[in-house]
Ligand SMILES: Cc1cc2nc3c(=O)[nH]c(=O)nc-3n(C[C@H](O)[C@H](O)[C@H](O)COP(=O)(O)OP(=O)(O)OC[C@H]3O[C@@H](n4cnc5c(N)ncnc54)[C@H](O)[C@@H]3O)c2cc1C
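One chain follows as structure tokens, the form predicted on its own.
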């Protein structure tokens, strides 16, 4: 069964099946609805149900506050209609596109590739944001990856993990060559450094969640603040650790930075030996006066937020960017 779904204020009218989510239907019908990950992890497609009934499929619960739920807010990439609906949703204009040329392909770890792109013209973004990149030879398929580079850099830098069945990561690891070109959409995301008040920072990165955290560290270093920065970087397998020398050199040269490497692999022989990420964060507090930035899987983010709230950090000082791999 199909239902008519009207997007406000744009007035676009969609025909959406009951087994189809709003974002999927919009893209299928050529409507440039605003979205990010497409899997209920980022919240960029957040909208509001004005009228009608729908089913909200599972998404990362932290994306909607209790107040937003009471206001009928919804995550549109996980919302299916059960009647005719009217929904407030952002519809973008014609997307500006950039062409990025691959300048470097460097395998950082067993499952992590560094991709460097030089764009055909300046690519505006803020440290911590992500870019949507078109999957080569697969029209309409896009993937989102955070920049590890600072906006002042000449190239965009990405840390991309190999995903079983992942269309983009398979191309990257198996076929990509220096000189290849990729299409990029505008930068997105609100995971950026708050600069309205100087506070000590707690940065927690799991796996390739290190990418936007590195960009935020570079942004923080450019500010005249003297408050300390604590960076916890964690993985499960020692083979997935990367950039350790770069991070250690940074910590050695910047007195404000405290670096903690956490790896639960029993074979890990680094400083401190095997240890888990969040228990290490918990043991090294207190954090109640800190501004917090978290990047990793939805499960890690949810557990970290619960932990930090128990340490007395107010929700407004916890910023996160969660990601889940797309196998399509």
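Bear in mind the structure is a predicted one, so any value in this text is a computation, not a measurement. Positions refer to the first chain, counted from 1.
Beyond what is shown, the protein has a form predicted in complex with the ligand; the following relates to that form.
Of the candidate stretches 145-153, 81-89, 97-105, 194-202, only 145-153 has residues whose heavy atoms lie within 4.5 Å of the ligand in the model of the complex. Shown alone here, residue 220 lies farther than 4.5 Å from the ligand in the model of the complex, counting heavy atoms only.
None of the heavy atoms of residue 140 is located within 4.5 Å of the ligand in the model of the complex.
The ligand in the model of the complex is not approached by residue 6, whose heavy atoms all lie more than 4.5 angstroms from it.
The ligand in the model of the complex is not approached by residue 215, whose heavy atoms all lie more than 4.5 angstroms from it.
Taking a 4.5 Å heavy atom cutoff to the ligand in the model of the complex, the contact residue among 178, 244, 164, 174 is 164.
Note on contacts: among 127, 109, 160, 230, the single residue with a heavy atom within 4.5 Å of the ligand in the model of the complex is 160. Contact residues in stretch 181-215 (any heavy atom within 4.5 Å of the ligand, taken in the model of the complex) are 208, 211.
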